[in-house]
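Quick setup: one chain, the form predicted alone, written in structure tokens, and binding and motion questions come after.
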């Protein structure tokens, strides 16, 4: 039993079942035993691999899309170039390298990484050691200035709650105890105002997930963008309108029971983009249509970029490069599962790749 598991057993025995959201928050961010507080989880030696670690092309193309948007909005200076949950700093490094050739972009950019994990900040400092970078704990701290931002696989790690449709209400799935083991049990059914609109498109037994912590973050980003200009590119796995159980744990690149090893596995859930878009529009910003990652990257020119990089490769390097291109774009890999949403000022056109 992990240290966090022991803590959870004592807590639930004393106070009763806890929400999945509270469980996730402790597992991921506990200052002593939390997953992100104790390790670098990325890459082959970690538990999962994100798109920037698969190929430099991902960060290059997103960086150039933001730079094109910056040009289209009149080259505001200075502006904030930010990333939420920047991992190892690989995505930002690729964005900065690719945009070096855009006149004035780098000079006007003030680079900010929003990162809560001190362990990951150390890795990011090493990756970006030649760049001037500021770190912030939350999106609330971002400057009141034009904001050009990317969030790749950030929202999937925010704590969720799960509700099971009952005849005339909802039961919440909660983490409880059974013979000193952590198990999932249902609360008694009750009406839930926040999900009243989902009674029309669900049936008894259906599961709907909510992610309350995502909404104020999106609202902060959208308010800055609506007021000062800029764009946010949100890329994650998920879809439009939550339905079904998507909560999962990943350890050593393999799925496992989310209750099995608290604090030692990555916990995520599919992102429901619909409430994110609704929260952004409520702040006066505009939202693009939801675009599959593979479609977005193809529109941004990934195939041509892949050909140019392939020209200097051979053997195993070339095979790995071709596999990376496929993994990012193919419908059976990340191309369809991952989606992208762009947030812009109400009067600005969508960024490149977000309109057919």
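Bear in mind that the values here come from a model prediction, so they are computed numbers and not experimental data. Residue numbers count along the first chain shown, from 1.
Just so you know, the form predicted in complex with S-adenosyl-L-homocysteine exists too; it's not on screen, but the next bit is about it.
- A residue is said to contact a partner when one of its heavy atoms sits within 4.5 Å of a partner heavy atom; residue 209 fails this definition for S-adenosyl-L-homocysteine in the predicted complex, lying far away.
- In the predicted complex, residue 230 stays away from S-adenosyl-L-homocysteine, with no heavy atom inside 4.5 Å.
- Within 4.5 Å of some heavy atom of S-adenosyl-L-homocysteine in the predicted complex lies at least one heavy atom of residue 29.
- Shown alone here, residue 52 lies within 4.5 Å of S-adenosyl-L-homocysteine in the predicted complex, counting heavy atoms only.
- Of the stretches 279-287, 175-183, 247-255, 155-163, only 155-163 has residues with a heavy atom within 4.5 Å of S-adenosyl-L-homocysteine in the predicted complex.
- Only one of 127, 99, 117, 202 lies close to S-adenosyl-L-homocysteine in the predicted complex, with a heavy atom inside 4.5 Å, and it is 117.
- When you look in the predicted complex, the only residue of 146, 263, 85, 238 with a non-hydrogen atom within 4.5 Å of S-adenosyl-L-homocysteine is 85.
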